[in-house]
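To begin, one chain is listed below as structure tokens, in the form predicted alone.
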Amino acid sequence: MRCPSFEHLSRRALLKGTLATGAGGSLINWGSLFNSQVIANEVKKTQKRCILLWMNGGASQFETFDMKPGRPTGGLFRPISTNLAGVQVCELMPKISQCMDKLTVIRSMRTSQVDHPGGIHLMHTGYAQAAGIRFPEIGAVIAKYLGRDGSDLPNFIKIFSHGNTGAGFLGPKYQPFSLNPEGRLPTFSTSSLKPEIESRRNSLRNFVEDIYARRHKAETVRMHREAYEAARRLQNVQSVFKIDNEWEKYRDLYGDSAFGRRCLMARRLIEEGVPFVEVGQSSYDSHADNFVWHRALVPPMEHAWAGLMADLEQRGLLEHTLVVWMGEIGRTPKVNNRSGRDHYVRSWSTALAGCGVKGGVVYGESDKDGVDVKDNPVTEGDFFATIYQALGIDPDTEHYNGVRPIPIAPFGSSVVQDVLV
């Protein structure tokens, strides 16, 4: 006789229940799976990394990867051919046009949050905002599973910070460390004290905290000490953030722009073992003068992006580094009366390259005017599940917020296997 599915007990649930019962109570954690450290240790062996190129405000798909020449929605720019037969991109991206054999472009994104705060949260976490839950950003998840404990460098770094959640319920250990728009360290990151004075103060603080910790078994005590230790370790690697000399050599490759410097810094950090770096570019919210804004923003962005991929490939890093290009929303097919494009999420574009991703793929298609997805729609959950799978992280991995299981990619998400190696 076959028992009904609700009576089934998974191996994970059995082990967790046995462990909790044997310990005489429930496990206390910051959203972690009971065996997440085992999972993390296995994943870390791969040394995979991720760079997120974040187009804040939402770059237009019509002025980048999904042009509609000759249609009312087409806009002012011309399409140009690429090194991928039969595929065209906007004329503003001549360098990326010759990198299409390295890219997977998804032209069929369909997401759920049309405003900026909601979209920024959604496309950093995979989840819509919900009362009582602070979902972790993708950088925090990757820091947890690909990061190195005790590293001198932070495991989650943002250059020109965007996003609005941070580590969420994963806890302070996985909070992002932010650099300014020039990619420089914040002023508070360098101690103003002489080394011997700072060392004595640290010894005194540790002494006091040891006494407190023996009397108060609180998680916050450990986290407080970890934060101080991370700040002190950062003093050992300050030179990593000084790229002026290297910039002289690589300026032409990345393009002489602020975004180019940020991308060079990202490559340097990845090379030093940082598992996740977000690089931001702003001002794509083109409700007015859409074509003027994209003419100004896209050329330096695509120059730096192409340079970054070339640099990673030359150093043997692209094979193990996933480069993600996206913003929080797309732009409307209709051009408004201010020559602008408004927010749009029914059909827009993202791109992936490097680690675990096929090159030379255009996945999905919008209809003839870009109003809707014609085939192979990809939700935010599908997109995040695909990213995690490419990095060797099981997208079904669950954390717990209280007693609620929350997978790192939302329930019901599907990996887009056609774009993965």
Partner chain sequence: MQINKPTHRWQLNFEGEWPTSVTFLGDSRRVAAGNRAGQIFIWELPETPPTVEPVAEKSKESKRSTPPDLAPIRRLDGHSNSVTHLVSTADGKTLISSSLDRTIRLWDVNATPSGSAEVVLDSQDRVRKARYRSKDEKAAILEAPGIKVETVSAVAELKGHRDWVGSLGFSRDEKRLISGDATSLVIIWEFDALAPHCKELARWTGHPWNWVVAAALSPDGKNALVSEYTYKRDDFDIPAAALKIWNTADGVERLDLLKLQFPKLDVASTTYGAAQVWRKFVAGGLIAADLSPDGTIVAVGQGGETDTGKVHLFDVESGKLVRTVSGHRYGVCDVKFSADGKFVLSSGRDTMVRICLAADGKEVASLGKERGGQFKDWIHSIAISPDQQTVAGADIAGLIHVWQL
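Quantities reported herein were computed from a predicted structural model and do not represent experimental measurements. Positions refer to the first chain, counted from 1.
Another form, the form predicted together with the partner chain, is not on view; read the next lines as being about it.
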query	finding
Single option in Val292, Leu185, Ala310, Ala227 placed near the partner chain in the model of the complex, where near means a heavy atom within 4.5 Å	Val292
Single option in Glu219, Asp101, Asp256, Asp115 placed near the partner chain in the model of the complex, where near means a heavy atom within 4.5 Å	Asp256
4.5 Å heavy atom contact, Arg201 to the partner chain in the model of the complex	no
Residue contact check: Asn206 to the partner chain in the model of the complex, 4.5 Å heavy atom	no
Heavy atom of Gly150 within 4.5 Å of the partner chain in the model of the complex	no
Residue contact check: Phe160 to the partner chain in the model of the complex, 4.5 Å heavy atom	yes
Residues Arg262, Ser283 and Pro300 all lining the partner chain in the model of the complex, heavy atom within 4.5 Å	yes
Candidate stretches 310-318, 338-346, 139-147, 265-273, one within 4.5 Å of the partner chain in the model of the complex by heavy atom	338-346
Residues of 52-89 having any heavy atom within 4.5 Å of the partner chain in the model of the complex, listed in sequence order	Pro72, Leu76, Phe77, Arg78
